[in-house]
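One chain follows as structure tokens, the form predicted on its own.
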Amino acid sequence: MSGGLILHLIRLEASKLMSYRADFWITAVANLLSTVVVHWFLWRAIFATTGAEELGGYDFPVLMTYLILVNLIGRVVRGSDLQMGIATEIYDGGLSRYFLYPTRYLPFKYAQHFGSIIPEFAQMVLFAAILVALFGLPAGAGVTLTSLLLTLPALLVANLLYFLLSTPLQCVAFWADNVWSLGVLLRFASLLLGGAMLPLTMFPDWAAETLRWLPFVACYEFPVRVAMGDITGTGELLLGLARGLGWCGITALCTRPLWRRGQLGYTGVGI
């Protein structure tokens, strides 16, 4: 697929998302405010009840920074995952028209997916800047300009990995009428096992070490730890990126036979 086509798709999808500006901003602001409020009162109560100054190596201000960052980064990583665009086109017969296009389907869909996260990325930067201007950063957060720049490649890998993780689940639409629940399952599992609901340092040591070998950590905990300055060494950063890319390759290899088998039985009739 040519670079010009990729850029055109990215611009087109970004424009489509911004065509409903009021809904886009209201949803984002409501999501962020509800997340901050719920986490604030929940973790404040937990710290007060336990009497601990730190939980999982995080004091309360730094934990709040982690949870806000993982919420903002998670929106960029997932994009419009619950729209299940591939599954929808398989189900309603829209996949048929792509067989006439002079390009491969899955790279085409990823270009569209990537375009949909451009406004989310701009929104993430804006919200983060506003929160820092209003409340500042806790001393132990470790967020610097360098750490934020290093987060960009981690975000790119995380976004690609999440798209690839959702693709084989959407391919189930070749044989099932409704696979939306699989997308919900992926989101819940990735949030829980990837360190988005709570840091993995709060899990038992054996569980945390095991979970760090799963793909979900590359989607959430790894980019957040890079942003917070917890990962500063070049070797540790490259290892985290390599793990994420490795899971991208494994998932792509698993998707390939599923996609081919599904195409053999695809009729293009639609609903």
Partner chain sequence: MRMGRYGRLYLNFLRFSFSRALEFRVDFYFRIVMDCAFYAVNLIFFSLLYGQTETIGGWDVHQTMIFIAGFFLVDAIHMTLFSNNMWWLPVLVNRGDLDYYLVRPVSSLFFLSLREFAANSFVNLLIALGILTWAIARHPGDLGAANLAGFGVLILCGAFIHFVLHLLFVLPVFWLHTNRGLGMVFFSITKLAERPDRIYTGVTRRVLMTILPLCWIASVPADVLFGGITTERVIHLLLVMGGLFGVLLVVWSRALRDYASASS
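The shown structure was predicted, so the numbers you read here are calculated from the model rather than taken from an experiment. Numbering follows the first chain given and starts at 1.
A second form of this protein, the form predicted together with its partner chain, is not displayed here; the remarks below concern that form.
Contact with its partner chain, judged by heavy atoms within 4.5 Å in the predicted bound form, is confined among 159 to 167, 102 to 110, 193 to 201, 132 to 140 to 193 to 201.
By the 4.5 Å heavy atom rule, the three marked residues N31, T35 and W43 all count as contacting its partner chain in the predicted bound form.
Listed residues L182, L155, I118, L150 were compared with its partner chain in the predicted bound form; L182 is the one with a heavy atom within 4.5 Å. Contact check for Y91: a heavy atom falls within 4.5 Å of its partner chain in the predicted bound form. Among residues of the shown chain, G56 is one whose heavy atoms approach its partner chain to within 4.5 Å in the predicted bound form.
Interface membership of V125, defined by any non-hydrogen atom within 4.5 Å of its partner chain in the predicted bound form, is ruled out.
With a 4.5 Å cutoff on heavy atoms, T146 does not count as touching its partner chain in the predicted bound form; it lies far away. Counting a residue when any of its non-hydrogen atoms is within 4.5 Å of its partner chain in the predicted bound form, the hits in 5 to 32 run Y20, D23, I26, T27, A30, N31.
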